[in-house]
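In the structure tokens that follow, a single protein chain appears in two forms: structure 1, then structure 2.
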Structure 1
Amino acid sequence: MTTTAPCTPDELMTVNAARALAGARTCFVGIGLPSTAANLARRTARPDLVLIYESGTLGSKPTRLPLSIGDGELADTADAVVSVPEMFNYWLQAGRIDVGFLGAAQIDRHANINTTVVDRGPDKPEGRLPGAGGAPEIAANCGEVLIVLRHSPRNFVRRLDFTTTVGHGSGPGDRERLGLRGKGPTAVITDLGVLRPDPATAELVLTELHPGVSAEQVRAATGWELKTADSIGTTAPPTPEELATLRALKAA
């Protein structure tokens, strides 16, 4: 019999992000939180998940969490390694990848992402972030996009300081107008719950809460007037097996 076990908010977030990949076949993985969740999914919810990294590795099976897209572990454990132009032109831009998994420094109500620069306030220089990497192309061309990040007013903002990656633009029809292939972001998984775009407005709506979290907590951590679903669900707590696998992965 499977029971629950004590866990941290970050572990709740990561386990639920991994579960979101249960139906995926191929996943274009971002470094950081997305990579942790994707590697956990391959060890739990989706053992046959094909992990793809923008450095050109297809079917990577790292024994530990990679430090970057250039980590040799990704190439050493891959089914194939291709050039970066081939990765983007043949695999990504042709729509051959099911899910893109991204992180963010800032996200707005339509799931647009900033990973480039943040305003640090008057008389302070801009805060420089890692930049776009492959995120704009991933969000444009994968069948759907999952986003994982910690929930705070600093991250969930009314207006991005810089738009790095288009999610749903300014609302319905924007992706089609811009010629973007996939569905765009279908879920944002945080340490407080799960948000999904409203089918009519493409605006993020709170659909699920993690155990012990209230809707008021999520609203207080969001930089806009967050709407909630008519019926808000509760995510299932991590099982001992999921937690043990996640902790072993991090320890490695």
Structure 2
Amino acid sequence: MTTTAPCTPDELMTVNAARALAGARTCFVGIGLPSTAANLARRTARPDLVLIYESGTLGSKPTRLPLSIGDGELADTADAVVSVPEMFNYWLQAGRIDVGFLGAAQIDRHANINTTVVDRGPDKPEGRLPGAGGAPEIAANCGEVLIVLRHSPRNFVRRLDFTTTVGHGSGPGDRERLGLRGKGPTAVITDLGVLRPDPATAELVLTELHPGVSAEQVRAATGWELKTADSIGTTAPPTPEELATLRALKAA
């Protein structure tokens, strides 16, 4: 790998996910990978990023990574704390939030997400996932959506076992037809690279690779015949500052 400092694929994913927030003012943050990246963004690419957690906090400034979306730290450091119905109705549904930041268990070529159940084969009961949480309405109502998850054929599937959350539906025009007001997913950031929807087809295509990763590797980790952009870029290696900040955040 030709990075300035040795780092893991997960670190590449998180650093690039944080960079993707450079233009955002407000971000609705999911727990786990999105929360790590959003907190890194507030310490690097976007210091004035407003972090919004569905537990009811607007403008959280946690000094350490919260384990849950409702750790006391998130409320104690917030600009305002609101009820959950207010959060979903007044702030999210009314279209006040720029970026929704989600994880996923399964994603398909149109960036639709499954977090409900997985098919484990004939004779076996469906495997149970946590469920929708805030995701369907986050994806519907935020200005745009970023998705972060690890790349594997198990996660990047030809066909979802269940559609929990609509990304781009079955293609262009579906969001408008369904009355989903935001732009939908604009980037999927993984431990191998970045996929973005083709403007003509709304199908995810490989647009960037992380340093040292080949397009062939990404295709092998994708459950559909992944198309690639005409020219594939390479993400900038994490800077020593980004890496040090991320590691300090995770260690705290």
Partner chain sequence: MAAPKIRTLHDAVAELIHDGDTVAMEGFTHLIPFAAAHEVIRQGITDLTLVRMTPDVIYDQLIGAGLVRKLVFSWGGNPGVGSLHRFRDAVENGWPRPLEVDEHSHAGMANRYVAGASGLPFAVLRGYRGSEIASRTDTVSTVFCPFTGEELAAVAALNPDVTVIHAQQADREGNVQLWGLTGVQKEAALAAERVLVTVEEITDELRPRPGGVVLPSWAVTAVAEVPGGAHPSYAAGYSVRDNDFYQAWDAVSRDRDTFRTWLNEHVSVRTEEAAAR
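Keep in mind that this is a model prediction, so the values were computed, not measured. Sequence positions of structure 1, starting at 1, serve as the residue numbers. C-alpha atoms forming the largest set that superposes within 1.5 Å between two forms make up the rigid core.
Enquirer: Please identify the form predicted on its own: structure 1 or structure 2?
Expert: Number 1 is right.
Enquirer: Does Gly179 show a Cα shift reaching 2 Å between the two structures after rigid-core superposition?
Expert: Shift of 2 Å or more: no.
Enquirer: Spell out whether the Cα of Pro122 moves at least 2 Å between the two structures when the two forms are superposed on their rigid core.
Expert: Yes, Pro122 moves 2 Å or more.
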